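The chain below stands alone, shown as structure tokens; this is the form predicted alone.
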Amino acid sequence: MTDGGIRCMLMRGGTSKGAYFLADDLPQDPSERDELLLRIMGSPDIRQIDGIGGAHPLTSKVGVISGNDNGVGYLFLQVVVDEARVSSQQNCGNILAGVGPFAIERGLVPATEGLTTVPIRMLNTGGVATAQVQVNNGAVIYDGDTSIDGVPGTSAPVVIDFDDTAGSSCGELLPTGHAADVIENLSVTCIDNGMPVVVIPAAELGISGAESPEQLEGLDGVRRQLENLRLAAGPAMGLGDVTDATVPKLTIISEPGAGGVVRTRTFIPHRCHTSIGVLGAASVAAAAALPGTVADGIARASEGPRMAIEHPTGALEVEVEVNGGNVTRTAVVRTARKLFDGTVYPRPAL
């Protein structure tokens, strides 16, 4: 910290945007750290006008990165836009896409010419991921020809393999012990393949599932149903009282409309995502691959492990391999880009 400023790198990771910090540059006490991040991001304020947050959950995210003997540690923090609240209750697979490049940029991991492997311990859940980052002359390559829906243009690919995603937050892939449940009079599947998600067929809510995020956010009755479902599903999934939590996510599914496996609309948890989170998509893909879930009769069978999970701005491709009712592999291709690197100045403490 210099003259009240803190070293910070703003990056796009996947379809999200966040502020990346070294753990050593932030207070070690979680409450002090969170209070500082609220001032940095500009919360609570629906515009986040006095901070660097983008006034939306997808652009009000933080990655805190630390070095360790086996790579790096990654703590994801969701800074709530309009409340003075910071949540560490879930991972973010999109912000994860920027962790490998950031770690190389900050010298936490030595650059290996061509392709640098970055082992990442996801501190929110204890899971492990491995990112493959392209490097040339010791520098991260951001330019490339890989495109992902929801992001304009193309960038260099960041390939991420996940270890032990099943039950990362809830302890079990199917935390209720069932492939399908009835909660709040709705047929759903509760699943955790890297992200706790409640999967709901659109027909259960009396909608088509093809509605835009704006249309869904305008359906007050549906939003009330979803919140009642979330509050009831939290304890059933072993997450306890989720009133003030950002999990579980709620994903509405319907038959695919653009050649994918399934079409989705995801609430995170109160705003409708303009795309879908990486780990949320991994959980939906697992629901589509497992027998007996509410995706039966809705999801289209995929050829091989790669599944295109449709969302409002395109599709996200996830590779999920299932054997004997267990997920044995989860991987995804994302992109990331450094937006700026410098010093951020938090607003003064009240």
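Just count from 1 along the sequence shown to find any residue number. From a predicted model like this one, the values you see are computed outputs, not experimental measurements.
What follows is about the form predicted in complex with a small molecule, which we do not show.
Contact annotation for residue 90: at least one heavy atom lies within 4.5 Å of the small molecule in the model of the complex. Taking non-hydrogen atoms only, residue 249 approaches the small molecule to within 4.5 angstroms in the model of the complex. Taking the partner from elsewhere, residue 273 is found to have a heavy atom lying within 4.5 Å of the small molecule in the model of the complex.
By the criterion of a heavy atom within 4.5 Å, residue 100 is excluded from the residues contacting the small molecule in the model of the complex. In short, of 277 to 285, 295 to 303, 34 to 42, 320 to 328 it is 277 to 285 that has heavy atoms within 4.5 Å of the small molecule in the model of the complex. None of 129, 133, 79, 195 but one reaches within 4.5 angstroms of the small molecule in the model of the complex through a heavy atom, and that residue is 195. Of the residues 58, 307, 289, 62, just one reaches the small molecule in the model of the complex with a heavy atom at 4.5 Å or closer; this is 58.
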